[in-house]
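Encoded as structure tokens, the following chain is the form predicted alone, with no partner shown.
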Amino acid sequence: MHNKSRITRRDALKLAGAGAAVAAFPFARPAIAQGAPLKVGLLLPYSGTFAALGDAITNAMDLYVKQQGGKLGGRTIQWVKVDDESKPERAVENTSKLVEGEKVDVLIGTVHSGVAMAMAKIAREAGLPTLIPNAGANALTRSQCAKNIFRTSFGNSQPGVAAGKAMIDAGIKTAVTYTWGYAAGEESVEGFKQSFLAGGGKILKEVRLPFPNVEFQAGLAEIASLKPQAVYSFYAGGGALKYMKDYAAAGLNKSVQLWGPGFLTDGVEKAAGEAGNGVKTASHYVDTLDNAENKKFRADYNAAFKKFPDVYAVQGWDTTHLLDIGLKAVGGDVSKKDDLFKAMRNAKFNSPRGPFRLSASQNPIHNFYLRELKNGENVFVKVAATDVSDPTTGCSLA
């Protein structure tokens, strides 16, 4: 069994990619009258490669709260934003601004897995209600799980598992993986290999590129020489856009199918243009899902922001929905942590993505869909896998 007490703040820094020690943080929180605003800290990327993701998550959360009259659980919501810059080496400093400096009541973050690992370490020690709207590091809901930490997005392995299964179903037997060589990419490939190899597929080679490097040519040349039937890749944001364009410019899109988790195309569908046509992805969301929640969400989001939502916005929406369920159960009193966490852990609701519930380690159990990018839109192909969960390896919420 994993012993969380052995993890020090120095370990948190190492997880985040830094080596310096960090001074202890005072986590005592002042008593707050229930009529006072609820301070919700947002540790998200508002600059750099993942800025668009942070903006989409924030937009959806803000929209949800506005539709509830500006309150959740009877408490007016006050957003306190910190740009994490997607820099793991700044994670402890930026998290402490919210936890120690602002003394937020709830913490929401983040996108980058390396940043999230250090953030979660601090949140665990503080016992602070924490919701993760994107970062998929497997450990967050495996060995490093905690009763106060909830993920509303995915575990990094989940999209890969669904993609590998769909690839086998499509008759593909040989593949190369080409991905950013950091936690998210490595774990996405781990999930893909799990189902692809189990289905009889063969991995010809695993190619990696340091994050956030976007010089893809050497790897693309290697793929061309290996001649697999398909490539499985994890990239996101601006990096994913350049990758798809470089992939097409190299002519590989004519002979080698490009597959990946949904993040390969989400948010950059239209910008990809013809270079994105034919790219297949497995995601827990498709724009055209035929359910009432999705239709209303898309219409409301477009009316508010003059653009339609992507998967990151859906994750932001579901994050706020889950928090709302918890806060309503305790009448907005976040000091009633056991009741707050129980209500969130047991929550089940219909999301724009479809049915949503949490596993024993507080990670989503949800459907994954196979999509194909056509003329700037991720077109629904089929349900790739239903009720996809993630192992609770090493997790103890006692």
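Don't overthink the numbering: it's just position in the shown sequence, from 1. Note that this is a predicted model, so its numbers are computed, not measured.
Although not depicted, the form predicted together with benzoic acid is the subject of the following passage.
Which residue, Trp317, Phe263, Tyr178, Trp259, is the contact with benzoic acid in the predicted complex, using a 4.5 Å heavy atom cutoff?
Of the listed residues, the single hit is Phe263.
Identify which of Leu370, Leu42, Leu340, Leu53 has a heavy atom within 4.5 Å of benzoic acid in the predicted complex; exactly one of them does. Only one listed residue qualifies here, and that residue is Leu53.
Q) Does Phe234 make contact with benzoic acid in the predicted complex, using a 4.5 Å heavy atom cut-off? A) Phe234 belongs to the contact set for benzoic acid.
Taking heavy atoms and a 4.5 Å cut-off, does Tyr285 contact benzoic acid in the predicted complex? Flag for Tyr285 set to no.
| message | Even though the partner isn't displayed, in the predicted complex is Phe192 close enough to benzoic acid, meaning a heavy atom within 4.5 Å? | response | Contact with benzoic acid, no.
(request) Indicate whether Ala184 is a 4.5 Å heavy atom neighbour of benzoic acid in the predicted complex. (result) Within the cut-off, so yes.
Which of 287-295, 195-203, 214-222, 130-138 lines the interface with benzoic acid in the predicted complex (heavy atom within 4.5 Å):
After filtering at 4.5 Å, what remains is 130-138.
- Any residue of 310-333 with a heavy atom within 4.5 Å of benzoic acid in the predicted complex counts; write them all down in order. If the 4.5 Å heavy-atom criterion is applied to benzoic acid in the predicted complex, 310-333 yields only Tyr312.
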